[in-house]
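Take a look at this single chain, the form predicted alone, given in C-alpha cells.
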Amino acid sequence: MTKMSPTKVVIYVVCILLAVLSIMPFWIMFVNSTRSTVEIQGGISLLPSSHFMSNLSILLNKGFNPMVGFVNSFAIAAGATLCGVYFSSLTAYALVAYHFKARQAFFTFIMCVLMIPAQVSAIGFYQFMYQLHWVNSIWPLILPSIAAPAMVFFMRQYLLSTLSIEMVEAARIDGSGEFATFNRIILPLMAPAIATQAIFAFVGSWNSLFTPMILLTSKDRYTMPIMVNLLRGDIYRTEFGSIYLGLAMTSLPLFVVYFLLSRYIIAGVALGGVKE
C-alpha cells in the first residue's frame, strides 16, 4: 500500500472541508423544514425533527400550491434554457465561423448590452409587454432569453478554443447545409459548454423573482419563488418551518438538473475539435 504524500493529504483535507462547507447550508435548510418555528428560533441543529407534516399542513393552508408552482417554474425555466443555449450557440458560431466587416462591432455591441442591468429597463419592458397583451403570460419570461449576452460570450470563447474551421469547410464541400452543419456537428462539439450554461440558465430562470413578480398577476401563473416569497407576508406569525419547507421544495429540481447535466461537463472536458 503506497504511502500518501503530505501534499496530497492537505489537498484532500481542503477539498473535504470545502465540500462540507458547500453542502452545509442545504443540509440546514432541509433539516429546518422538519423543525418547528420555536425550534428554529432556538438555534441551529444538524438533526431532523418531527414537524415535517405540520409544516406541510401549514404550507398548504396558506394557499401554497406546489404542483402549480412546479409546472409554471419548470415551463419557464426549461423554455428559457432551451432558447438561451440554442440561440446563443448559434450566435457564437456565427461570430467565429463567418468573417464579415461588422463582426467585431457586433460582438462589442453584445458586450455593451451585457452591462445594462435588468432593473433599468424593467418599466419599458413592462410597457412593451402590456402593449403586446402579454402581461400575466409566461412568454415574456421565456422569449427574451434568446438574447443572452453572457451566454454568447461564453460560447464564443469555447468555440475559439475548440472549433476547427477545416471541419466546417469539409462539411460544406460534402454538401451539408449551414443549419445541418450546426445541428449535427457544432452542437455535439459544444456539449460541455452547453451543459454548463444550461445549468446556470436553468437555475437563474428557476430562481428569478423580480421579473415574474412584475408580470404575473394571477395565482395560477405564480412560480415557486413567488409562492415562497408570499409566505413571508403573515404579519401576525411567521412560520419559519413552512418557509424552509417551501425553500427546500423549490431547490429540489435544481439538484436534479445539476446531477443530470454535470456528467456531461466532466465527460466532455476532453472533447473538442482537432486544432492544427
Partner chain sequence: MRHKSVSYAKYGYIFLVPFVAAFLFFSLYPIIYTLVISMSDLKGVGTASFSILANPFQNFINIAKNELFQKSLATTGIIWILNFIPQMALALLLTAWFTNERLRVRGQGAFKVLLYMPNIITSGTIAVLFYSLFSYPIGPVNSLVTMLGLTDRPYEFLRDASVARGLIAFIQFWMWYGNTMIVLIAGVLGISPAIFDAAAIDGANSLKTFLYVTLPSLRQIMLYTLITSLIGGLQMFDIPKLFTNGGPDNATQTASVYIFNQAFTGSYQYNRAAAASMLMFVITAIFSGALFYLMRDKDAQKAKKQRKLLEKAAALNGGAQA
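Remember, it's a predicted structure, so these values are computed and weren't measured experimentally. What we label the rigid core is the largest C-alpha set whose atoms superpose within 1.5 Å from one form to the other. Residue numbers count along the first chain shown, from 1.
The discussion below concerns the form predicted in complex with its partner chain, not included here.
Asks: On the criterion of a non-hydrogen atom at 4.5 angstroms or closer, are H99, I123 and R172 all touching its partner chain in the model of the complex?
Replies: Per the other structure, all of H99, I123 and R172 touch its partner chain.
Asks: Exactly one stretch in 188-196, 159-167, 74-82, 202-210 has heavy atoms within 4.5 Å of its partner chain in the model of the complex; which is it?
Replies: Within 4.5 Å of the partner lies stretch 202-210.
Asks: Closest heavy atom of F154 to its partner chain in the model of the complex, within 4.5 Å or not?
Replies: Judged by the heavy-atom cut-off of 4.5 Å, F154 is well away from its partner chain in the model of the complex.
Asks: With the partner left out here, check for me: in the model of the complex, does some heavy atom of Q41 sit within 4.5 Å of its partner chain?
Replies: Judged by the heavy-atom cut-off of 4.5 Å, Q41 is in contact with its partner chain in the model of the complex.
Asks: So in the model of the complex, does Y244 come within 4.5 Å of its partner chain, heavy atom to heavy atom?
Replies: Y244: yes, in contact with its partner chain in the model of the complex.
Asks: Given that its partner chain is not shown alongside this chain, does F26 nevertheless sit within 4.5 Å of it in the model of the complex, heavy atom to heavy atom?
Replies: F26 belongs to the contact set for its partner chain.
Asks: Looking at L216, V31, V228, L56, which has any heavy atom no more than 4.5 Å from its partner chain in the model of the complex?
Replies: The residue in contact is V228.
Asks: In sequence order, which positions of 144-166 have a non-hydrogen atom within 4.5 Å of its partner chain in the model of the complex?
Replies: Heavy-atom contacts within 4.5 Å come from P144, I146, A147, A148, P149, V152.
Asks: Superposing on the rigid core, is the CA of V68 displaced by 2 Å or more between the shown form and the other one?
Replies: No, V68 moves less than 2 Å.
Asks: With both forms fit on the core, is the shift of the CA atom of T217 between the shown form and the other one 2 Å or larger?
Replies: Comparing the forms between the shown form and the other one, which are aligned on their rigid core, T217 does not shift its C-alpha by 2 Å or more.
Asks: After superposition on the rigid core, does the Cα atom of I226 shift by at least 2 Å between the shown form and the other one?
Replies: The answer is no, as the C-alpha of I226 shifts between the shown form and the other one by less than 2 Å after core alignment.
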